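Below you will find one chain, with nothing else, as structure tokens; this is the form predicted on its own, and questions on how it binds or moves follow later.
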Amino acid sequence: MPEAAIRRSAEPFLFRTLAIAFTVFIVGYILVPILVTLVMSFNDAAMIRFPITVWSLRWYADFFGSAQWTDALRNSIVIAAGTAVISTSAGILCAWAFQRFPIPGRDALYVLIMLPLFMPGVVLGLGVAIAFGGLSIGGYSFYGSRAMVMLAHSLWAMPLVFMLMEATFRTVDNRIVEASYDLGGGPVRTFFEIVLPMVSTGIVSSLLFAFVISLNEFVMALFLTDRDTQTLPVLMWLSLRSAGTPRLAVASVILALTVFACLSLIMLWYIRQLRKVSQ
């Protein structure tokens, strides 16, 4: 066999081997920190240290028995849920406007909407704290409140929702929308009864992505929360500075499980929609 032919036949094998090796490396690089954290959460020792000599659920009981840690977890969930609702609602309406209507200065406005994604969290957090920190509504101080953190987190979550929903709205068949108008359906009724059900997968994905972004965000929450509203990532950072107990690993596992649950919901919803289409 000529040397050139041998070289050509060896190329697919070489690329396949490199691709498999690279994939294994990436998967390992992602899973190893998660698995190490999971293992350390079952450590009975008073400090995070390896190897583990005694296995127990001591720190899980300690986490859920601590009002400070469970309150921080509750704050994170409430803030993440509020952020998901705010950013998804705003992102959907904005994306639909971009898709359906001529907008003056469209390109500049698009860049402006996406700008917060490229801004450091410390800049956004400090800016929100300075701009709205002194605001008080009916005697209710805005600074340190959950609402303030929700709005700040929406600066990151809303552009992602907008980008996802704009791409999703492009898949909507405009003939169906026009048919609804011809049959007497107004713009609002058509949007809620025709368009939104058609893009339900994108909406569910947007909600869960926004929820996860807010749940894991740390820098802005550090600037904007107080002792009563601090989130779980903020409490983890403060605790790490004083004592690195396996309680931190437990909190990390809880956050990771929440993320996995959200991703699983997205996949299940997507599979459900595919089955409905195939039927």
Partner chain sequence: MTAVASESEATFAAQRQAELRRRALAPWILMLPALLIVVIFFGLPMLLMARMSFNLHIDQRLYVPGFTFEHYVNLFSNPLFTNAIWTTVQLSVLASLATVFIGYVFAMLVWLKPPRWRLLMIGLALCPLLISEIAIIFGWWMFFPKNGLLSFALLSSGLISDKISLMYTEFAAFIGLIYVTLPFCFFILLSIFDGLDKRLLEASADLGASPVTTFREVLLPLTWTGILVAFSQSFIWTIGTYATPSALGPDTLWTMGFLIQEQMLGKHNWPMASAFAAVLVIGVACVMAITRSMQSKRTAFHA
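Numbering follows the first chain given and starts at 1. By rigid core we mean the largest C-alpha set that fits within 1.5 Å across both forms. These figures come from a predicted structure and were not determined experimentally.
There is another form of this protein, the form predicted in complex with the partner chain, and it is not shown here; the text below is about that form.
For the chain shown alone, P116 is a contact residue for the partner chain in the predicted bound form, at least one non-hydrogen atom being within 4.5 angstroms. Proximity of W237 to the partner chain in the predicted bound form falls within the 4.5 Å heavy atom cutoff.
In the predicted bound form, the partner chain sits within 4.5 Å of a heavy atom of F218.
Though the partner is left out of this view, W69 does not reach within 4.5 Å of the partner chain in the predicted bound form, counting heavy atoms only. Comment: the partner chain is not present in this chain, but in the predicted bound form one of A167, I77, A97, L196 has a heavy atom within 4.5 Å of it, namely A97. Only one listed stretch (167-175, 69-77, 125-133, 199-207) carries heavy atoms within 4.5 Å of the partner chain in the predicted bound form, and that stretch is 125-133. Taking the partner chain as it sits in the predicted bound form, the stretch 155-177 comes within 4.5 angstroms of it through a non-hydrogen atom at L155, M158. Once both forms are overlaid on the rigid core, the distance between the two CA positions of L257 between this form and the one not shown is under 2 angstroms. In the core-superposed comparison between this form and the one not shown, A61 has its Cα shifted by less than 2 Å.
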